[in-house]
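First, one chain by itself: the form predicted on its own, in C-alpha coordinates.
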Amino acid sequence: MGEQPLVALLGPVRAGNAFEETVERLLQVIKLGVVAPGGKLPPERELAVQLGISRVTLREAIRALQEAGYLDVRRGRYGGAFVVYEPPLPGRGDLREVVRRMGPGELDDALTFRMAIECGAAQVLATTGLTEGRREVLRRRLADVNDAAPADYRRLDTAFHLAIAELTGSALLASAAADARLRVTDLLNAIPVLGPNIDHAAAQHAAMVAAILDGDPEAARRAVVEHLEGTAALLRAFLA
(Lines give C-alpha, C1' and ligand atoms only; values in the text may rest on other atoms or scores of the structure.)
Protein backbone atom coordinates (compact mmCIF):
# COMPACT_ATOMS: atom_id res chain seq x y z
CA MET A 1 0.00 0.00 0.00
CA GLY A 2 1.50 3.30 -1.08
CA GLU A 3 1.27 6.29 1.20
CA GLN A 4 -0.07 8.47 -1.62
CA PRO A 5 -3.06 7.71 -3.88
CA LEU A 6 -0.80 7.03 -6.85
CA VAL A 7 -1.43 3.29 -7.03
CA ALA A 8 -5.09 3.58 -8.00
CA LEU A 9 -4.69 6.65 -10.19
CA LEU A 10 -1.76 5.21 -12.11
CA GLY A 11 -2.99 1.65 -12.61
CA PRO A 12 -2.88 -0.07 -16.02
CA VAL A 13 -4.63 1.72 -18.89
CA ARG A 14 -6.55 0.05 -21.71
CA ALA A 15 -4.50 -0.67 -24.81
CA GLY A 16 -6.99 0.73 -27.34
CA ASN A 17 -6.70 4.32 -26.11
CA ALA A 18 -3.38 4.16 -24.32
CA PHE A 19 -2.25 7.68 -25.19
CA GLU A 20 -5.55 9.34 -24.29
CA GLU A 21 -5.96 7.40 -21.05
CA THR A 22 -2.37 8.13 -20.05
CA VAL A 23 -2.96 11.84 -20.51
CA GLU A 24 -6.17 11.53 -18.47
CA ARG A 25 -4.43 9.66 -15.61
CA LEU A 26 -1.55 12.11 -15.46
CA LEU A 27 -3.95 15.06 -15.49
CA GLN A 28 -5.82 13.52 -12.56
CA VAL A 29 -2.59 13.32 -10.58
CA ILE A 30 -1.71 16.91 -11.49
CA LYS A 31 -5.12 18.56 -11.01
CA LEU A 32 -5.82 16.73 -7.75
CA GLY A 33 -2.46 17.89 -6.42
CA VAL A 34 -1.31 14.33 -5.69
CA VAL A 35 2.02 15.58 -6.99
CA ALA A 36 2.38 19.15 -5.72
CA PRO A 37 3.40 22.07 -7.95
CA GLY A 38 7.16 21.83 -8.31
CA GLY A 39 7.06 18.12 -7.52
CA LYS A 40 8.28 15.39 -9.85
CA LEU A 41 6.31 12.52 -11.37
CA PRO A 42 7.65 9.02 -10.69
CA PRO A 43 10.60 7.98 -12.88
CA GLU A 44 9.72 7.18 -16.48
CA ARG A 45 10.59 3.50 -16.22
CA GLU A 46 8.50 3.04 -13.06
CA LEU A 47 5.58 5.05 -14.46
CA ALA A 48 5.47 3.05 -17.70
CA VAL A 49 5.29 -0.21 -15.70
CA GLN A 50 2.52 1.14 -13.44
CA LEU A 51 0.45 2.25 -16.41
CA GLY A 52 1.20 -0.87 -18.44
CA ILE A 53 2.30 1.13 -21.48
CA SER A 54 5.42 1.57 -23.58
CA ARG A 55 7.85 4.32 -22.71
CA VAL A 56 7.20 5.76 -26.18
CA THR A 57 3.51 6.24 -25.35
CA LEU A 58 4.40 7.70 -21.95
CA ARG A 59 6.81 10.18 -23.52
CA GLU A 60 4.15 11.25 -26.02
CA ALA A 61 1.68 11.90 -23.18
CA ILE A 62 4.24 13.80 -21.12
CA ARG A 63 5.23 15.86 -24.16
CA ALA A 64 1.57 16.76 -24.75
CA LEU A 65 1.16 17.88 -21.14
CA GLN A 66 4.39 19.85 -21.35
CA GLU A 67 3.11 21.66 -24.44
CA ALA A 68 -0.19 22.34 -22.64
CA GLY A 69 1.67 23.95 -19.74
CA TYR A 70 1.12 21.29 -17.07
CA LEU A 71 4.63 19.78 -16.94
CA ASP A 72 8.21 20.91 -17.36
CA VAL A 73 10.56 18.19 -18.58
CA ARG A 74 14.17 18.56 -17.51
CA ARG A 75 17.04 16.41 -18.67
CA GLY A 76 20.12 15.25 -16.84
CA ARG A 77 20.91 13.57 -13.55
CA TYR A 78 18.34 15.55 -11.60
CA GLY A 79 15.84 15.71 -14.42
CA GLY A 80 12.34 14.37 -14.81
CA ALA A 81 8.80 15.59 -15.44
CA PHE A 82 8.00 18.36 -12.96
CA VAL A 83 4.51 19.70 -12.29
CA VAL A 84 4.17 23.39 -13.12
CA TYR A 85 0.36 23.62 -13.07
CA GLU A 86 -1.11 25.60 -10.19
CA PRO A 87 -4.85 26.15 -9.67
CA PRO A 88 -5.74 29.80 -10.27
CA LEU A 89 -6.56 31.92 -7.24
CA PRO A 90 -10.34 32.19 -6.75
CA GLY A 91 -11.93 35.31 -8.17
CA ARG A 92 -15.40 36.79 -8.21
CA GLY A 93 -17.59 34.91 -10.67
CA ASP A 94 -15.22 31.93 -11.00
CA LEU A 95 -17.56 29.53 -9.20
CA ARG A 96 -20.54 30.53 -11.34
CA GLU A 97 -18.45 30.04 -14.47
CA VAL A 98 -17.40 26.54 -13.38
CA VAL A 99 -21.04 25.60 -12.67
CA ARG A 100 -22.12 27.07 -16.02
CA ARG A 101 -19.57 24.87 -17.82
CA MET A 102 -20.78 21.79 -15.92
CA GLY A 103 -24.30 22.14 -17.29
CA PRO A 104 -27.76 21.83 -15.71
CA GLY A 105 -28.04 19.26 -12.95
CA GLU A 106 -24.40 18.19 -13.12
CA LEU A 107 -23.45 19.96 -9.88
CA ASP A 108 -26.06 18.07 -7.84
CA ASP A 109 -25.08 14.83 -9.58
CA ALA A 110 -21.39 15.38 -8.78
CA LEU A 111 -22.15 16.12 -5.12
CA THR A 112 -24.39 13.05 -4.86
CA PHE A 113 -21.72 10.85 -6.43
CA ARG A 114 -19.08 12.17 -4.05
CA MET A 115 -21.35 11.62 -1.04
CA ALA A 116 -22.02 8.00 -1.99
CA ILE A 117 -18.37 7.16 -2.71
CA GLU A 118 -16.84 8.86 0.33
CA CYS A 119 -19.47 7.54 2.77
CA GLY A 120 -18.91 4.05 1.42
CA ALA A 121 -15.12 4.34 1.62
CA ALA A 122 -15.23 5.52 5.24
CA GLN A 123 -17.61 2.73 6.21
CA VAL A 124 -15.49 0.09 4.51
CA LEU A 125 -12.30 1.40 6.11
CA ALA A 126 -13.95 1.41 9.55
CA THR A 127 -14.69 -2.31 9.18
CA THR A 128 -11.16 -3.12 7.98
CA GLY A 129 -8.58 -4.45 10.39
CA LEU A 130 -6.06 -1.67 9.90
CA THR A 131 -2.41 -2.30 10.53
CA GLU A 132 -0.60 0.23 12.70
CA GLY A 133 1.20 1.44 9.58
CA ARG A 134 -2.06 2.26 7.81
CA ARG A 135 -3.48 3.87 10.93
CA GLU A 136 -0.40 6.07 11.06
CA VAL A 137 -0.84 7.07 7.38
CA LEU A 138 -4.37 8.22 8.16
CA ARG A 139 -3.25 10.18 11.22
CA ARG A 140 -0.44 11.76 9.19
CA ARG A 141 -2.80 12.83 6.41
CA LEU A 142 -5.03 14.44 9.04
CA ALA A 143 -2.07 16.23 10.61
CA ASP A 144 -0.90 17.43 7.18
CA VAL A 145 -4.22 19.09 6.35
CA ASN A 146 -4.50 20.56 9.85
CA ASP A 147 -1.05 22.14 9.51
CA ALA A 148 -1.54 23.29 5.92
CA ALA A 149 -0.89 26.87 4.85
CA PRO A 150 -3.85 28.40 2.96
CA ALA A 151 -2.09 27.96 -0.39
CA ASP A 152 -1.64 24.21 0.25
CA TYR A 153 -4.96 23.54 1.96
CA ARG A 154 -7.01 22.23 -0.98
CA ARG A 155 -4.20 19.92 -2.13
CA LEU A 156 -3.65 18.42 1.33
CA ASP A 157 -7.40 18.19 1.93
CA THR A 158 -7.62 16.17 -1.27
CA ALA A 159 -4.79 13.89 -0.11
CA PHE A 160 -6.63 13.29 3.17
CA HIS A 161 -9.92 12.38 1.50
CA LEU A 162 -8.28 10.14 -1.11
CA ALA A 163 -6.26 8.35 1.58
CA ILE A 164 -9.46 7.04 3.17
CA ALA A 165 -10.40 5.24 -0.04
CA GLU A 166 -6.81 4.23 -0.85
CA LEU A 167 -6.32 2.63 2.57
CA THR A 168 -9.26 0.26 2.03
CA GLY A 169 -7.00 -1.63 -0.37
CA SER A 170 -9.61 -1.48 -3.15
CA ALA A 171 -8.13 -0.01 -6.32
CA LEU A 172 -11.63 0.38 -7.81
CA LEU A 173 -12.89 2.30 -4.79
CA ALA A 174 -9.80 4.50 -4.69
CA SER A 175 -10.16 5.25 -8.40
CA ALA A 176 -13.85 6.12 -7.94
CA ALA A 177 -12.98 8.44 -5.04
CA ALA A 178 -10.41 10.21 -7.20
CA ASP A 179 -12.97 10.55 -9.99
CA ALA A 180 -15.56 11.94 -7.55
CA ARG A 181 -13.09 14.46 -6.16
CA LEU A 182 -11.92 15.52 -9.60
CA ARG A 183 -15.51 16.37 -10.56
CA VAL A 184 -15.66 18.99 -7.79
CA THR A 185 -12.02 20.11 -7.72
CA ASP A 186 -12.54 23.17 -9.91
CA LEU A 187 -15.55 24.12 -7.75
CA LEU A 188 -13.57 23.83 -4.52
CA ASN A 189 -10.64 25.74 -5.99
CA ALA A 190 -13.03 28.58 -6.87
CA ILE A 191 -13.99 29.06 -3.20
CA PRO A 192 -11.73 31.21 -0.99
CA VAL A 193 -10.09 29.40 1.93
CA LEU A 194 -12.14 30.73 4.87
CA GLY A 195 -10.90 30.42 8.45
CA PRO A 196 -14.21 29.43 10.12
CA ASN A 197 -14.90 26.84 7.43
CA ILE A 198 -11.41 25.36 7.89
CA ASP A 199 -12.03 25.14 11.64
CA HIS A 200 -15.33 23.31 11.06
CA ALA A 201 -13.69 21.01 8.53
CA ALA A 202 -10.87 20.20 10.97
CA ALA A 203 -13.37 19.06 13.62
CA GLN A 204 -15.27 17.01 11.03
CA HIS A 205 -12.08 15.43 9.67
CA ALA A 206 -11.08 14.50 13.23
CA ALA A 207 -14.49 12.89 13.80
CA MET A 208 -14.11 10.88 10.59
CA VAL A 209 -10.68 9.61 11.62
CA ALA A 210 -11.77 8.83 15.18
CA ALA A 211 -14.75 6.78 13.95
CA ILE A 212 -12.62 4.87 11.44
CA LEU A 213 -9.91 4.08 13.99
CA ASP A 214 -12.60 3.04 16.51
CA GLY A 215 -14.06 0.64 13.97
CA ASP A 216 -17.46 2.39 13.97
CA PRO A 217 -18.80 2.48 10.37
CA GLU A 218 -22.07 4.26 11.25
CA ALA A 219 -20.25 7.06 13.07
CA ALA A 220 -17.83 7.30 10.15
CA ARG A 221 -20.74 7.65 7.72
CA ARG A 222 -22.39 10.35 9.83
CA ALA A 223 -19.14 12.31 10.06
CA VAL A 224 -18.65 12.20 6.28
CA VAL A 225 -22.26 13.26 5.67
CA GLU A 226 -21.90 16.23 8.03
CA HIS A 227 -18.66 17.28 6.39
CA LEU A 228 -19.82 17.00 2.79
CA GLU A 229 -23.15 18.67 3.55
CA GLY A 230 -21.14 21.60 4.93
CA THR A 231 -19.14 21.78 1.71
CA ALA A 232 -22.32 21.70 -0.37
CA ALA A 233 -23.83 24.48 1.77
CA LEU A 234 -20.74 26.64 1.21
CA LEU A 235 -20.96 26.10 -2.54
CA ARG A 236 -24.63 27.08 -2.55
CA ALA A 237 -23.84 30.17 -0.47
CA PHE A 238 -21.30 31.44 -2.99
CA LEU A 239 -23.70 30.70 -5.84
CA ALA A 240 -26.63 32.53 -4.23
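We call the rigid core the largest set of C-alpha positions that still match within 1.5 Å between the two forms. Residues carry their position along the shown sequence, with the first being 1. Owing to the predicted nature of the structure, the values given are computational and were not obtained by experimental measurement.
There is another form of the same protein, the form predicted in complex with the DNA; it is not shown, and what comes next is about it.
Of the candidate stretches 148-156, 68-76, 114-122, 127-135, only 68-76 has residues whose heavy atoms lie within 4.5 Å of the DNA in the predicted complex. Here is the short version: of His200, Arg183, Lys31, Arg59, the single residue with a heavy atom within 4.5 Å of the DNA in the predicted complex is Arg59. At the 4.5 Å threshold, heavy atoms of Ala190 stay clear of the DNA in the predicted complex, well away from it. Although the partner is absent here, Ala18 sits close enough that one of its heavy atoms falls within 4.5 Å of the DNA in the predicted complex. Residue contact check for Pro43: one or more of its heavy atoms lie within 4.5 Å of the DNA in the predicted complex. The shortest heavy atom separation between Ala165 and the DNA in the predicted complex exceeds 4.5 Å. Heavy atoms closer than or equal to 4.5 Å to the DNA in the predicted complex belong, across 47-72, to the residues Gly52, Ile53, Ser54, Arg55, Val56, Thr57, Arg59, ordered by sequence position. Positional change of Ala223 between the shown form and the other one stays under 2 Å at the C-alpha, relative to the superposed core. With the core held fixed between the shown form and the other one, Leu51 has its Cα displaced by at least 2 Å. Once both forms are fitted on their core, a CA shift of 2 Å or more is seen for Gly80 between the shown form and the other one.
Between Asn17 and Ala171, the C-alpha separation grows by 3 Å or more in the predicted complex, relative to the conformation displayed. Relative to the shown form, the Cα atoms of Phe113 and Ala15 move together by 3 Å or more in the predicted complex.
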